[in-house]
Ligand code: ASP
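There is one chain below, alone, in structure tokens, taken in the form predicted alone.
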């Protein structure tokens, strides 16, 4: 069995879904488990609906809901124009999902309070709409396809908006559900992103979580490989939206891919790698708009050569500097600091320490007010805003002679606020001012890959 995940741009419209069905048809002998995202931009629309409901702006919410319904009804009619019965069934299902969502949004508007649970219910509807329509489309194309509800398979804790998967529960549930769905079927389809607690409470895996869903399912069924179908030819040496002359990487290691995803590469969700590593399942990043392309293979480190693979970046970060003479010759100080970050659920990316100073970076989207307040009780805390992080990533880069010179040569006139090298020798990262980010990344890429 293989897992094939198709992202929003790969199921965006009639043309994209028609390509997707053709791609799946070519893999039927490998018993594909198809995982789909919401149609492109639909999750954003659902977030707007939830915000309107929270603000008790029912007129705006209803207008957005009408757009949601119209887009999916229109898509059903396009895809199933030649099969009246399936077209009616698909439109009926769209209306059923949208009617239930309409009633739920009205209830939220009446209460005027949007809980995390309610928000998870609203934003998960995109995947249920897309997966139902695509299931009908695959059947209409002659691929006998059965539908599976991801809430029965992807079991998480009760963090509604960013559920933590229960690996053991998922491994126990998924194989039986997939086997049952595969009776009298050529393929099976389910949703990415959405999940539930063991008691059935709705949760989601967080933005971009469909990749994670595919990897979790692949782990549970011991898939021979996991295919992530997107709108680019694979993993590149840098973000082509920032850097010219990037090139596609044929293969990278699990460790390199994890670092790239965590430190800013947009091709994979950062958590995708872990479940695949558990079972040593190769991941392939492929382009649904160029199905014949080879893409990028993500494999065990033993199959990957040493060297720099990419320059990644995070555009908007903060640097939190913590200074205290109490650190000097004192055990337990670091523990005290990071317990505060843990308590307020603020995740840290880079860490640098000296005798009396700790510097860390955090994503600027996180609220750090409570952390700064708590730390200020026993240390001087300074926050540098509007910074960016640049990471040079590759296997065993510590062994590459001249790498630091190549990396920092373009930065002679640039302020560097912090430098950190990962213990795994897979990345070297540093912090610069946000306005110079694109220029810095372009120059480093040129020195490392073009000169």
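Residue numbers count along the first chain shown, from 1. Treat the numbers as computed from the prediction; the structure is a model and nothing was measured.
The form predicted in complex with aspartic acid (ASP) exists for this protein as well; it is not shown, and the discussion that follows is about that form.
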Can all three of 259, 301 and 395 be found with a heavy atom no more than 4.5 Å from aspartic acid (ASP) in the predicted bound form? no
Just one of 52, 420, 43, 388 has a heavy atom within 4.5 Å of aspartic acid (ASP) in the predicted bound form. Which one? 43
Which listed residue (295, 202, 209, 275) meets the criterion of a heavy atom within 4.5 Å of aspartic acid (ASP) in the predicted bound form? 209
Answer with yes or no whether residue 38 is in contact with aspartic acid (ASP) in the predicted bound form, where contact means some heavy atom within 4.5 Å. yes
Residue 127, heavy atom within 4.5 angstroms of aspartic acid (ASP) in the predicted bound form: yes
Partner contact check in the predicted bound form: of 153 to 161, 315 to 323, 167 to 175, 209 to 217, the stretch with a heavy atom within 4.5 Å of aspartic acid (ASP) is 209 to 217
In sequence order, which positions of 167 to 195 have a non-hydrogen atom within 4.5 Å of aspartic acid (ASP) in the predicted bound form? 193
